[in-house]
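Next up: a single chain in structure tokens, the form predicted on its own.
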């Protein structure tokens, strides 16, 4: 089992300044899954607790001279502490900067190694960062779990395949800041958030307690997938009534999720996505958030990067 690659300048910027800060908010431990063509950071795919998140990069987005081999069809997976990984990347970059003003490309190497730590009798696996300066090299070891067995890799791949299922209707939220400001204000009202999404392009987010109902509606959003025209007779009705009527017609779904989970998923704005899509899985299985990234300077989707979250549903909701 071998893995070795050089982090490019673009890869360093993506990880250090955008994705690792966002993924750290999803949870302290994640699975790093390496294949011949992709690098993936996976949260909570093997257990039912908390938000599932999948960040996937084509190898060219992060690395040069990417080499991987294993008996599991060149697939390697292990658990790693995101904060330790982030610290290693950050300090490696600062060392590169100290050693000279040249680019980090081909000077910041990352590889899998086994080492014998002090006071241990068994070698332990590490993800090692080696920063080569003009006269010396600095090595930083990030401890990882024992690499997955073939059966564990298959289990992880199966969970990943299941997590890729798309909702039938997705609505685009172009301004995540507006949604985040609203949810920040709701945190102190209650713990449960009702989310309704219609084929008309409506997103209704609200909290109800015995004393108060507070909500926000986003209308006429871009719809991807199954869509429909809103009935003219519903125009002058309240958001709650319109949502209930749309659900009864089969034109909308509603689920209940944790406010904390919803707020946590919004922390993905640290990865600097250009917009986000929200959808509810069939039978209200989960709330899915897909973040879209554009090629810099264009409105074209950057297909080398993807990030999405699946929020567990606390109530089966209605569909």
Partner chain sequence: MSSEGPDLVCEVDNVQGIVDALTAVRWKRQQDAVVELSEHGVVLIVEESSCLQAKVYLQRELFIKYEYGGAQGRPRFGVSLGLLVNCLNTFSVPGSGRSSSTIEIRYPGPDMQLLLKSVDSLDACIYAEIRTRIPETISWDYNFEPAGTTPISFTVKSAALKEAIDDLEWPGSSVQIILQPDPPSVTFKGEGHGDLQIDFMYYVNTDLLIAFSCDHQVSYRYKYKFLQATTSNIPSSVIRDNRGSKLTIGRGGMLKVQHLVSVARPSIPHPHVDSAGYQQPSRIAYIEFFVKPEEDESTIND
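Numbering follows the first chain given and starts at 1. Keep in mind that what you see is a predicted model, and the values were worked out from it rather than measured.
A second form of this protein, the form predicted together with its partner chain, is not displayed here; the remarks below concern that form.
S.K.: So, residue 150 and its partner chain: in the predicted bound form, are they within 4.5 Å at any heavy atom pair?
M.R.: No, residue 150 stays farther than 4.5 Å from its partner chain in the predicted bound form.
S.K.: Counting only non-hydrogen atoms and a 4.5 angstroms cut-off, does residue 141 reach its partner chain in the predicted bound form?
M.R.: Although its partner chain is absent here, residue 141 would stay clear of it in the predicted bound form, with no heavy atoms inside 4.5 Å.
S.K.: Though only this chain appears here, would residue 130 touch its partner chain in the predicted bound form if you measure heavy atom gaps against 4.5 Å?
M.R.: No, residue 130 sits far enough from its partner chain in the predicted bound form that none of its heavy atoms falls within 4.5 Å.
S.K.: Could you confirm whether residue 210 comes within 4.5 Å of its partner chain in the predicted bound form, counting heavy atoms only?
M.R.: Yes, residue 210 sits close enough to its partner chain in the predicted bound form that at least one of its heavy atoms falls within 4.5 Å.
S.K.: Could you work out which of 73, 175, 161, 233 is the residue within 4.5 angstroms of its partner chain in the predicted bound form, going by heavy atoms?
M.R.: Selected option: 175.
S.K.: State the residue from 216, 113, 84, 79 whose non-hydrogen atoms include one within 4.5 Å of its partner chain in the predicted bound form.
M.R.: By the 4.5 Å criterion, the partner-contacting residue is 216.
S.K.: If we take heavy atoms and a 4.5 Å cut-off, which stretch out of 141-149, 118-126, 178-186, 244-252 is in contact with its partner chain in the predicted bound form?
M.R.: Among the listed stretches, the partner-contacting one is 178-186.
S.K.: For the stretch 239-277, return the residues whose heavy atoms include at least one within 4.5 Å of its partner chain in the predicted bound form, in the order they occur.
M.R.: Residues within 4.5 Å: 239, 240.
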